[in-house]
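Next up: a single chain in structure tokens, the form predicted on its own.
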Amino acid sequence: MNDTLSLLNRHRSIRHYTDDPLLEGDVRAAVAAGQRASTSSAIEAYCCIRIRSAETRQRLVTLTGGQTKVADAAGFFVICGDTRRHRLAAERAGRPYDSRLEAFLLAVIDATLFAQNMALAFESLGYGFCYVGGLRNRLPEASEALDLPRGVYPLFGICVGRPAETPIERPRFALDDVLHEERYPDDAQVLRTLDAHDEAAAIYYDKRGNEMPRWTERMIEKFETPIRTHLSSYYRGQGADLT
């Protein structure tokens, strides 16, 4: 176990923060570390918008479903896939820009790799973080609040601050349930892994003092009813073809 592996294995999502501010040098160092993530063909199809305005952050609390940590954390960042640069370069040269699904996926992948590098850099500096997928709950309104131009795709937020809690480790699937050799396992084997994970998750929630349904039941409920059905039309409106 080296220092990097120790850092990765210590990760916990942090939702409660102290009043300590983010140091500007730490912000710049973390973003620079994010930029060192892999990027497909050097396209760097991402950007990070730091939200300092208390008014904007309070509005985003509402738009993310009442997640007060968006306003309370020392820092809040919106991670976007960014194809604006490529579009402007093509437009200036009088050349077409292919906005189909591959271009959108490249931006999503690039932005996610950047964000994870940045977040881990913050952790290495003693901060905690939590991703906020609720940014996509009411995305047109969030996009308006951020005044985003065509070709910029907001994906999720990141809260950052000094931890005011020490959560216990959340269970993951066993390593051999994720690392497959040569081919994907048959359904009977996958179902066995689900049963084992249900047991591990039950122990975790018992330690936390939470009464929760089985992990599999929670996943069934999560994906039973369509949510955020506006996303396709929103991203298309932002310039993603998705075909």
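Here the structure is a predicted model, which means the values were calculated and not measured. Start at 1 and count along the sequence shown; that's the residue number.
There is also a form predicted together with a small molecule; it is not shown, and the following applies to it.
Note on contacts: among P154, G151, G75, G134, the single residue with a heavy atom within 4.5 Å of the small molecule in the model of the complex is G134. Checked against the small molecule in the model of the complex, the candidates C130, L120, A103, A71 yield a single residue with a heavy atom inside 4.5 Å, and that residue is C130. Just one listed stretch, out of 174-182, 63-71, 190-198, 32-40, contacts the small molecule in the model of the complex at the 4.5 Å heavy atom level, and that stretch is 63-71. Remark: R85 does not count among the residues lining the small molecule in the model of the complex, judged by a heavy atom distance of 4.5 Å or less.
When contacts are judged by a 4.5 Å heavy atom cut-off, R162 does not count as touching the small molecule in the model of the complex.
Contact check for H230: every heavy atom lies farther than 4.5 Å from the small molecule in the model of the complex. Using a 4.5 angstroms limit between non-hydrogen atoms, S13 touches the small molecule in the model of the complex.
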